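First, one chain by itself in structure tokens, the form predicted alone.
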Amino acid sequence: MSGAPLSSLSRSALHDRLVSPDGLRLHIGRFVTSIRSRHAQVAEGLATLYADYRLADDDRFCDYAVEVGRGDGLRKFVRPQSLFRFEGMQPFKPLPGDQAFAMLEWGLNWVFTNHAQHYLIIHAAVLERDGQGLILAAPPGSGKSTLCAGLALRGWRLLSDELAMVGLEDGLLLPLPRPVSLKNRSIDIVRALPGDPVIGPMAHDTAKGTVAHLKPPRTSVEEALTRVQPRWVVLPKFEAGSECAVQPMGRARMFMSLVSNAFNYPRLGVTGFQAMGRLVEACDGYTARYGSLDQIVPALESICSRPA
């Protein structure tokens, strides 16, 4: 079964792997991740959104092993909880049981951000077109995930919705394609887009409101080992009712904006400074204010079709 897609498992076989000591082992980008859980919502989310991901051998080295468990005692039956565990740690407070899959996704973000320290990691969506990378770097609430979903559904290769992972030596972008996180109104916006979007389980009343995830395109998952040369950095900002305005951005501002969105820049010291400098030199930068996907998507495609 090794190397087969997760979709080749029956629901009962998927459940058996999730509750086994070794867990369900998946190739997520270049990493092998083991997932354990007894939550039905986790199994549903994996079956829906990770169907195209490849299974890994049980005896293959596992980079990260995670678990979404249940509460103990009465919590198994009364107001059930979901708890994220990683290597004996429980980095988050418990969440309601019906937020189990969202907890898995948030937990995986935390694991990759805090433990893949051989990359410069920036909070950004990353996509590729014609072999060149687009980095959408912005804080939460800027609309980057909705924009990322809109581009992915129009044929851009999805590298990541959350993490731009930049090689410290070669400066290339490492793909880490995973489901795109959507919140509140953006769920219905993306659901209505062309491209047959597949939306996973809904989590209501989270700290971020209603949360769901978009299945990544199959081609993005299949090409997850192909690194990409960065080419553009865009700082997007959605403002309801706004006209579309895309403006060039100087390298000094680009550098500082990326630093402010980087997770591990201070920790990397001189190595991080050098990697960030190479990234900025390799990219053209823009700011983008817009009021709808219909405005910004064609504008970005026009910019990214220009010769280097």
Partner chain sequence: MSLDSCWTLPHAPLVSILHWEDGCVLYDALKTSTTLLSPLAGQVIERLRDGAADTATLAALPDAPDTESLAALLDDLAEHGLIRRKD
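Positions refer to the first chain, counted from 1. Just so it is clear, the model here is predicted, and its values are computed rather than measured.
Beyond what is shown, the protein has a form predicted together with the partner chain; the following relates to that form.
Asks: Is I35 close to the partner chain in the model of the complex, meaning a heavy atom pair under 4.5 Å apart or at it?
Replies: Taking the distances in the model of the complex, the answer for I35 is no, it never comes within 4.5 Å of the partner chain.
Asks: Against the partner chain in the model of the complex, would F273 count as a contact residue? Criterion: heavy atoms within 4.5 Å.
Replies: Yes, F273 sits close enough to the partner chain in the model of the complex that at least one of its heavy atoms falls within 4.5 Å.
Asks: For E281, is any heavy atom within 4.5 Å of the partner chain in the model of the complex, or not?
Replies: It does: once the partner chain is placed as it appears in the model of the complex, E281 has a heavy atom within 4.5 Å of it.
Asks: With the partner left out here, check for me: in the model of the complex, does some heavy atom of Y265 sit within 4.5 Å of the partner chain?
Replies: Y265: yes, in contact with the partner chain in the model of the complex.
Asks: Just one of 54-62, 245-253, 36-44, 22-30 has heavy atoms within 4.5 Å of the partner chain in the model of the complex; which?
Replies: Result for this chain: 245-253.
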